[in-house]
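Next up is one chain by itself, shown in structure tokens, the form predicted alone.
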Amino acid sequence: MQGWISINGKRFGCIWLSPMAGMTDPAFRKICKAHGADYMTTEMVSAKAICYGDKKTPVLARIRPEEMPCAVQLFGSDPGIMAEAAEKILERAEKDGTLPAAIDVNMGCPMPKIVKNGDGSALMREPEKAADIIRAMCAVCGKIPVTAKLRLGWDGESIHVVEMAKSLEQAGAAALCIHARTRAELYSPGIHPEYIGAVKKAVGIPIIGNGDVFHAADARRLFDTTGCDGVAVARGALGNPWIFEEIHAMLRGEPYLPPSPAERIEEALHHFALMREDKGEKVAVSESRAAIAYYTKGMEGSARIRGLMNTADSAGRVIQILRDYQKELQEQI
């Protein structure tokens, strides 16, 4: 492990924020960036929606300068549409003045509503089409790298991630992120890191390991057992963006001091403020419930706070709930 990753000649840090649908929005990306995420990816964006002129979807693909380096992730299964969508995203990004670090292809989402259309991890069953998608996108993306996130295979009887990684590399993929489970396994049981190691040995492009990184020790284990170039954190960052600080401290051999309960609430308030700024009060109040539940998970009285949040109907009420809770936690010290 060398602490950095070279993708098409550009250097990036090795601790990444993995894309998560409905979670890795601009507010969360800013939070994670502030805590040390070296590289981030947007939540997945529908290629068809981009091509068919949906007005809301392009917003999901917008990246602010302060979020860089950040990639845009597309999902779809038609090579032509994926290429067209990538081209449209880059055209808009150039006008906005912030080109993404890469265009990433989602070949790993296991959710039924995604795979039923042949998208996400359904592409693990069609390796030739997956390679065609990479090839078509590379043809229009120019100097912007095309990367992909994939799983080990569709199920335990069809684990062919090594062969697929070779094919995607030959098609032009500049880096691959491997979630070390099959589609059938969803998010449990534990990951199979040996396959990440096998992919790393089989290809010459950077390989990012992903899956079950909840603590610095998990990241260290992935590095040590697989030889991967980087580690991508997903669910481990929900409510705990400090995980990036923890991992970096571990890599530097420095001690790490976790946040206090009161500090966790302060960050939840900051997160909510960023959501309001980006999405407006109504949407922020609704979407903040999940985010705040992660920040308070495992803390004394968190179930009561979740109940109160479910009835909150204004930003003022959300702030009051969190400030009152923060005061309670401080008085318990």
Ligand SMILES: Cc1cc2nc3c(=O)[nH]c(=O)nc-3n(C[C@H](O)[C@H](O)[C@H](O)COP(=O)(O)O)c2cc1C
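Treat the numbers as computed from the prediction; the structure is a model and nothing was measured. All residue numbers are counted from 1 along the displayed sequence.
The same protein has a further form, the form predicted in complex with the ligand, not shown here; the description that follows concerns it.
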Of the listed stretches (92 to 100, 153 to 161, 129 to 137, 210 to 218), which one has a non-hydrogen atom within 4.5 Å of the ligand in the predicted bound form? 210 to 218
Heavy atom within 4.5 Å of the ligand in the predicted bound form: which of E43, D38, E267, E67 fits that? Just give me the one. E43
L176 within 4.5 Å of the ligand in the predicted bound form, heavy atoms: no
Determine whether any heavy atom of Q73 comes within 4.5 Å of a heavy atom of the ligand in the predicted bound form, and answer yes or no. yes
Can you work out whether R181 and the ligand are in contact in the predicted bound form, taking contact to mean some heavy atom pair no more than 4.5 Å apart? yes
Using a 4.5 Å heavy atom cut-off, state whether A21 contacts the ligand in the predicted bound form. yes
Mind listing which residues of 102 to 124 have a heavy atom within 4.5 Å of the ligand in the predicted bound form? N106
